[in-house]
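Take a look at this single chain, the form predicted alone, given in structure tokens.
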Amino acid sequence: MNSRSIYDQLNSIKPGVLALLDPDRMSTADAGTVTKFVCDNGVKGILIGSSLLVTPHFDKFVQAVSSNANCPVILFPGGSHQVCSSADAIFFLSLLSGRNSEFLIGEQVKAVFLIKECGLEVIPVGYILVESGNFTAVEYISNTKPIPRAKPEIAVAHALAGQYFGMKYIYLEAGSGAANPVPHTMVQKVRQNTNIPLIVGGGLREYDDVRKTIDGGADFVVMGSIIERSENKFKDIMRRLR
């Protein structure tokens, strides 16, 4: 059994790809098969979460993923109700880019005792929403405005604030189903001005965008929608990244 923390395990294998599985868009019956598929294709970890969470089978979904994964399974919660003991760790997200206190600290306070009871490894993450070209679910649910795409200095300021708060990761997020990924210049600027690991997700559906995001300084890129839409395309991207 690996005695290292999930955080240390991830940082020993970066850069890499994390798969995002949404229990609202994938059945529990399919979760195990998809987990084996993404693991076979070399993902370094699996994130589980949803902006809303409609399904009543969240715990069973997490269990199905965990029992079929050969890499860390990490909760990526959209709210305080998305906590389950079957995962290895949880990204303790704070939406730094918004000005809605509910997602800056409110939901986190609601979740802490359940997280403690579950015994999950807690990984603090500064979550920064970036304008993607369309109105995403996370914008609607969080009732916050994203950082403008043409303002990388604003993203840098929020990322530095997260670093100074002691966050272990900065996560630049264009949102699930984003029209465009986080601009490569923004990724580069954040990387140049911070010294904690950087995760970038949302709108990464083409190899060139994934490659440029990693080359720009992302320690991990997150892909989710492409796994649901085209397993062949996801497989090809992963093959070309090797």
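A quick note: this is a predicted structure, and the numbers were derived from the prediction, not measured. Position 1 is the first residue in the sequence shown; the rest follow in order.
Heads up, the form predicted together with a small molecule isn't pictured, but that's what we're talking about next.
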{"property": "Contact stretch among 66 to 74, 170 to 178, 52 to 60, 209 to 217 - heavy atom within 4.5 Å of the small molecule in the predicted bound form", "result": "170 to 178"}
{"property": "4.5 Å heavy atom contact, residue 233 and the small molecule in the predicted bound form", "result": "no"}
{"property": "Contact of residue 20 with the small molecule in the predicted bound form (heavy atom, 4.5 Å)", "result": "yes"}
{"property": "is_contact(residue 45, the small molecule) in the predicted bound form, heavy atom dist at most 4.5 Å", "result": "no"}
{"property": "Contact flag, residue 14 vs the small molecule in the predicted bound form, heavy atom cut 4.5 Å", "result": "no"}
{"property": "78, 99 and 142 all contacting the small molecule in the predicted bound form, non-hydrogen atom within 4.5 Å", "result": "no"}
